[in-house]
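What follows is a single chain, given as structure tokens, in the form predicted on its own.
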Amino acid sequence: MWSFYFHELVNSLPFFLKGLWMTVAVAGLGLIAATIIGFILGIMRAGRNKILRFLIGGWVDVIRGTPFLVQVFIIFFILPGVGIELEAFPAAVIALSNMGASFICEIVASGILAVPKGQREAATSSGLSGFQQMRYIIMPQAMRSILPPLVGQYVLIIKDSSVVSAIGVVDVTRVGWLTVQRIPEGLMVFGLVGILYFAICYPLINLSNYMERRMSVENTRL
């Protein structure tokens, strides 16, 4: 019986690969949008405008303090009640982008605030504008502490993308749920699902570890 299930699972591989591609598409678009939005909000979060810092901080606290599944359901099921109807795919991307941006915002803000104030003061005395200070002085230094946790956050976002299967997105997790109804060997089916997620995340895990080691070595030299 086990060999029969394994044979059926092998025959289902094309469907898993299609689901994997959907996972990559949702997570990839979500990561791009989350990174752009997160950096913009992170820079404002580390700025001097107290109102913006308060508003962004409140948004970050709400998103980070509520389950991602609830956020997905609100976007997909609740927004249509106010006239905003979205298909499953764009709803998944928006939810993932929103969630990822809140975490990336805090990473970026922390990295910017970690740069010594003397650097900004020196840049100001040199006549650089605020934009020039951020571009040439602050951000290059901040990126050293931003990149390792940022790549680690990418791994978490990719894994969290499995939640979007709950609204009908046929990603690799959804394919697993559909397959297990036909092949009642859950360990085998979701073992394959886990392997496919691992194949995506493992290179990023190694990259994050490499950046952390490199940063530690550079800090030691300094």
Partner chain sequence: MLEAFNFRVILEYMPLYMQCFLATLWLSALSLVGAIVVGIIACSMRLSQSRVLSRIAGIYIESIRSTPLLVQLYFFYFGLPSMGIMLPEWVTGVFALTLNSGAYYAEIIRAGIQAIAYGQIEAGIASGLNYFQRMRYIILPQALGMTIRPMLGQAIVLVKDSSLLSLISIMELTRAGQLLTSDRFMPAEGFLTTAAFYLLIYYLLKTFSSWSEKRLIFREAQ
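Residue numbers count along the first chain shown, from 1. Owing to the predicted nature of the structure, the values given are computational and were not obtained by experimental measurement.
Keep in mind that the form predicted together with the partner chain is not shown, yet the notes after this line are about it.
- With the partner omitted here, the residue from I37, I43, V180, L31 that has a non-hydrogen atom within 4.5 angstroms of the partner chain in the predicted complex is V180.
- Exactly one listed residue, out of Y210, F15, W21, F198, brings a non-hydrogen atom to within 4.5 Å of the partner chain in the predicted complex: F198.
- Although the partner is absent here, L187 sits close enough that one of its heavy atoms falls within 4.5 Å of the partner chain in the predicted complex.
- Interface residue remark: V62 is counted as part of the site for the partner chain in the predicted complex, having a heavy atom within 4.5 Å.
- Shown alone here, Y136 lies farther than 4.5 Å from the partner chain in the predicted complex, counting heavy atoms only.
- Among heavy atoms of V193, some come within 4.5 Å of the partner chain in the predicted complex.
- Taking the partner chain as it sits in the predicted complex, the stretch 65-95 comes within 4.5 angstroms of it through a non-hydrogen atom at G65, T66, P67, L69, V70, F73, I74, F77, I78, V82.
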